[in-house]
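One chain comes next, on its own, written as structure tokens: the form predicted on its own.
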């Protein structure tokens, strides 16, 4: 045993001497610093918008809100904040704008209430948070993020979610905060249509539209996604659509991020947001190819419609939709916002030349 110990000690000394004599050959390379990429923020504020229902004044107000959301998110990216910070900042602006069906501008349920849903997902960690069916949360996206960061869960609903919001210091407001005359009148029209239908056919397809969302790629190459909605006009029974469901209305991973908008039932059935990114990861499709396949082929074939925004880790973007319009926009490292509403609006997908 002593002989073996001596042999081992001699070998150890020889190894140390060899290591010292050949530092270049045996030295471990330092960890590579993350590659610096060009940050991008992409947003939407709902598909299904039509020219007949949008006057010039409303369109101008919508464009101003989109611009403000882009600038708010871009400011976080310029500060070096992670992608999720930019997503949350942009969505808060969209939630506070009464033009869009989320938070402040949420539509009414059948019984005259506003029920709010939201979700976020961090592509770098794979963590996610979601809330559904809340009535008093001023900015649902912030509560969804709190669920992700400060709970053991992914989704909280209803009164329990609002109790958690109170505990986390997420701002709660009186439900009257969400009432706008425009949305109230939309409910009255929906109720009249329902009363006129002997068969009780329920809402038209246009009732399913209205969501806001954002995607971001930060300077370290990390992706994040978020979606927020007031749901469906005249909905009943605590109906929840795709927006708060991870993989249906929201998804982010290392390669791809998605926020969807449209007829939620079909996005849930097709796991639309995840399907887009899975096609990028496993089928080798580009962001544009994957987005078009799911949004403009698979969902319509199933009977649904809508749109989405998609962002790749390489900065590539896609804005597929199959309705007359979709509120949408993006901003790059140059800080120039680009916004569009209708299908024939020009939305450049590369930074402006210097």
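What you see is a predicted model; the values in this text were computed from it and never measured. Positions refer to the first chain, counted from 1.
Although it is not shown, the form predicted together with aspartic acid is what the next lines describe.
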### Partner-facing stretch of 157-165, 227-235, 91-99, 275-283, counted where any non-hydrogen atom is within 4.5 angstroms of aspartic acid in the predicted bound form
227-235
### Task
Decide whether residue 262 counts as a contact residue for aspartic acid in the predicted bound form under a heavy atom distance cut-off of 4.5 Å.
yes
### Query
Would residue 250 count as a contact of aspartic acid in the predicted bound form, using a 4.5 angstroms cut-off between non-hydrogen atoms?
no
### Query
Using heavy atoms and a 4.5 Å limit, would one call residue 210 a contact residue for aspartic acid in the predicted bound form?
yes
### Proximity of residue 135 to aspartic acid in the predicted bound form, heavy atoms at 4.5 Å
no
### Among the candidates 110, 76, 222, 239, the residue which, in the predicted bound form, approaches aspartic acid to within 4.5 Å (heavy atoms)
239
